[in-house]
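Consider the single chain below, provided in structure tokens and representing the form predicted on its own.
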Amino acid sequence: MLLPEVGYARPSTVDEAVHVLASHDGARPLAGGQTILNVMKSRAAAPDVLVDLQDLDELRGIELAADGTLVLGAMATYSEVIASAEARARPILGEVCAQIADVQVRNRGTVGGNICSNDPTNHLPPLLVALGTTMTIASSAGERTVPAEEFFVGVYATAAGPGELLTKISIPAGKGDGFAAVTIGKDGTCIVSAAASLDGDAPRVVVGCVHGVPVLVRPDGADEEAVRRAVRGANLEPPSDVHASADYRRHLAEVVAARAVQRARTRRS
């Protein structure tokens, strides 16, 4: 299907990109294009202007700070994260990126695009919440930072509003992380996913695909029953669809959360 007619801009700086985004009510950033182009083809969205970020090299860096914080530019691709020596400071990130779709998508798709689209089935939103990530958002008023648990605000909606641009993702140092999911096929989208990070005795556990945003739960321990009890106590109300009923998703949420925590425990030990 042909794309609808759309304006196009290719800025050379972040400031220029923000200016274009702020100047058009219907402007949308174009990163890897793995989501928005398909959405446009299906006529589910019709931006007035696509703001192509391909020339913004300042958004592509992957750096490891002296305090162990891993800083990803929003335009870093999944393949670049997988290959990055710096990103191995939190190896779970590259491992999860390697599970996304196929090689072609991983070569084009970006970390920033994945989280800004906030499709509830995406791998990275629950992982980044579990890792205690902070997002940096640029606008004409300057920069602001938002913790990941506040960044995701609804299905396909984030704290990066009109005229704003996600520029970097900052992930603090950690000791043990895990991720588990049940997917539609080997490289398919998630039916239910969970990520966990251990820093001390009580893990941060985040469940995906059960709500419009990742659901953070805080078990009182890292044993399986404590994790399952915390997930049950979250009173999840997931959707039913052709892949799973709501009841089955609630069951899977407990299972994959316990698996994620066990993998985090194994990694930390």
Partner chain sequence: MAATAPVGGKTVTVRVNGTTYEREVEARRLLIHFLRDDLDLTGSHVGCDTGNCGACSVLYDGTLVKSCMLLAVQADGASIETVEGLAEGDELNDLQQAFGAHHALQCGYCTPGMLMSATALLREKPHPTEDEIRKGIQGNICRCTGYVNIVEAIKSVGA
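Numbering follows the first chain given and starts at 1. Note that the structure is predicted; figures quoted are calculated from it, not measured.
Not on display, but discussed next: the form predicted together with the partner chain.
Within 4.5 Å of the partner chain in the predicted complex, a heavy atom is found for all three of E16, L37 and K186. Put simply, Q54 is close to the partner chain in the predicted complex: some heavy atom of it is within 4.5 Å. G68 falls outside the set of residues with a heavy atom inside 4.5 Å of the partner chain in the predicted complex. Remark: P239 does not count among the residues lining the partner chain in the predicted complex, judged by a heavy atom distance of 4.5 Å or less. For A141, no non-hydrogen atom is located within 4.5 Å of the partner chain in the predicted complex, even though that partner is not displayed. For the partner chain in the predicted complex, the listed stretch (222-230, 239-247, 38-46, 59-67) containing residues with heavy atoms inside 4.5 Å is 38-46. Taking the partner chain as positioned in the predicted complex, none of the residues of 119-134 brings a heavy atom within 4.5 Å of it.
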